[in-house]
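First, one chain by itself in structure tokens, the form predicted alone.
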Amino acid sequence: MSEALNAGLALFVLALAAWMVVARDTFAAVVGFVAYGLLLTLVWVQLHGVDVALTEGAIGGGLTGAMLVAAAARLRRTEAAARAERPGWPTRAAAALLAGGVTAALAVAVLALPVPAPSLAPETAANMGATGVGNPITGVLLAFRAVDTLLETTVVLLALIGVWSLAPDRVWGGRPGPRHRADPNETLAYLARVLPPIGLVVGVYIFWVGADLPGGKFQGASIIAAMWLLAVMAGLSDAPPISRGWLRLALVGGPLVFIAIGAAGVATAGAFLAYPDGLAKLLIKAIEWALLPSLALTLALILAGVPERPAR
């Protein structure tokens, strides 16, 4: 049964990947992308990568899928003209050759890997106890590969700045997205009242257990951001103006704490983002607590979109 499930997942993933490539309708391709992300979540579960599965479901299929749905809605007016244009056979042949070349190069690179592949897993496992963290994924991301995690959080913040930079000058500093309004007696308004308290508890729980079990800041922040966006879509809340000082401080607060703890490691442990003996878990949790609200706000505001309304 397990082999049949794995084979079925592999076939579905390949079929959806092909569908996204050949689909001419943007919305259909986006729906395929969301389903593709959900299937990848199941694939990672089968590979016992539950942390990666949670991230794929929250960020890959969830947040990115929602952003692509919004983009597809904005492109509806120009999609008919774009669909009418078909590239000539030289362009299609060149694209096919390029895709085939990239595929062949990847295949050669994978097949040329040494057997057994070089790995730092034994050294990592031997030193994991020094972090005081039970979840090896959290330990690796915030101890042995902490610089990568710092860069990831910085890239997400820069992506938000890139979204804001698309705003017209007349509404710079205003509120992102349209002002949503919904009938208070409709299902959306009902769900926006019932689900956020539950989602907030679930998000904080997934974040809290991330030190010892699958979970963490990205997964918890995604759930919290989704609950806030649900309230915004139902008209129960509104996005704050991006010119607010407290908002900008909250956005940069997490990365700044991360950088400050990393810089302190130079003086206390001899290297950037190194932790003194006996304080590793405490500092890792401090970084995670600082990053949670920053990531939740950043992800929510990226999805909220470009500022479209004046602050008042």
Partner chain sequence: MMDTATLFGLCAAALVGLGLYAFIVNPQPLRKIIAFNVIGSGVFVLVGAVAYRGGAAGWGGDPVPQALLITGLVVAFCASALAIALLQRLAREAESVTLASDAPAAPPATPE
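Heads up, when I say rigid core I mean the largest set of C-alphas that superpose within 1.5 Å between the two forms. All values reported here derive from a predicted model rather than from experimental measurement. Positions refer to the first chain, counted from 1.
Not on display, but discussed next: the form predicted in complex with its partner chain.
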Discussion item. With a cut-off of 4.5 Å between heavy atoms, is L292 one of the residues that contacts its partner chain in the predicted bound form?
Written reply: no
Discussion item. Considering non-hydrogen atoms and a 4.5 Å limit, does its partner chain approach D238 in the predicted bound form?
Written reply: no
Worksheet item: Is the gap between F258 and its partner chain in the predicted bound form 4.5 Å or less for some heavy atom pair?
Response: no
Fill in: I223, heavy atom within 4.5 angstroms of its partner chain in the predicted bound form
no
Practice prompt. Decide if the three candidate residues A35, D183 and P197 all line its partner chain in the predicted bound form, where lining means a heavy atom within 4.5 Å.
Written response: no
Worksheet item: Can you name the residues of 13 to 29 that have a non-hydrogen atom within 4.5 angstroms of its partner chain in the predicted bound form?
Response: V13, L14, A17, A18, M20, V21, V22, A23, R24, D25, T26, A29
Fill in: A23 C-alpha relocation of at least 2 Å between this form and the one not shown, rigid core basis
yes
Worksheet item: Would you say A126 moves between this form and the one not shown, meaning its CA shifts by 2 Å or more once the core is fitted?
Response: no
